[in-house]
Ligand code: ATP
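The form predicted on its own is given below as one chain in structure tokens.
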């Protein structure tokens, strides 16, 4: 199988997450997308992140009925730090023989040289699917100079520019602004019922 690996904090999971994952599934001909919920991302240690149980419940609600979308516990079931290179190595062990396609945005591709052991990460990926958004520029020549293994693994996904972010949704909830239509209905209902993000 061809499996997409879609990581994030999903705090909360919103419609843009689902749209982007589905575009990757379609354009990269993926059989399934594994959603890797990261408990404590190394690059967000100074940020206030909601409890893992809350984010997991919301992600389960968001993916209900989506047969091609599966939650992976690769980061949930092991201690921090949660580096992508380690996640990919474990997933290769868990899915032997399958093609693993790591999914990332253009901003993550731009920052890839600053990741933990980026060259090891690249070689741990069979392919790297990059969501190319309108107007987002990446210096590919400089990336290739720093990470010569990268170009052979890159696959491009043309995605719509969707101005929805988890931080903006949280802010809207805190301030009482409308937010329900930025989220899958089960996610909006759960947040409203439990009073999360207020």
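In this text, all values refer to a predicted model and were calculated from it rather than measured experimentally. Residue numbers count along the first chain shown, from 1.
Below: the form predicted together with ligand ATP, not depicted.
Peer 1: Taking ligand ATP in the predicted complex, would 6, 9 and 170 all count as contacting it (heavy atom within 4.5 Å)?
Peer 2: Spot residues vs ligand ATP: full contact, yes.
Peer 1: Can you tell me whether residue 72 touches ligand ATP? I mean in the predicted complex, with a 4.5 angstroms heavy atom cut-off.
Peer 2: Heavy-atom contact with ligand ATP at 4.5 Å: absent for residue 72.
Peer 1: Is there a heavy atom of residue 165 no more than 4.5 Å from a heavy atom of ligand ATP in the predicted complex?
Peer 2: So residue 165 counts as contacting ligand ATP.
Peer 1: Taking the shortest heavy atom distance, is residue 104 within 4.5 Å of ligand ATP in the predicted complex?
Peer 2: Yes - in the predicted complex, heavy atoms of residue 104 and ligand ATP come within 4.5 Å of each other.
Peer 1: Should residue 25 be classed as touching ligand ATP in the predicted complex when contacts are defined as heavy atoms within 4.5 Å?
Peer 2: So residue 25 does not count as contacting ligand ATP.
Peer 1: Taking 4.5 angstroms as the heavy atom distance cut-off, pick the stretch from 26-34, 156-164, 63-71, 137-145 that is near ligand ATP in the predicted complex.
Peer 2: Comparing against ligand ATP in the predicted complex, the contact stretch is 156-164.
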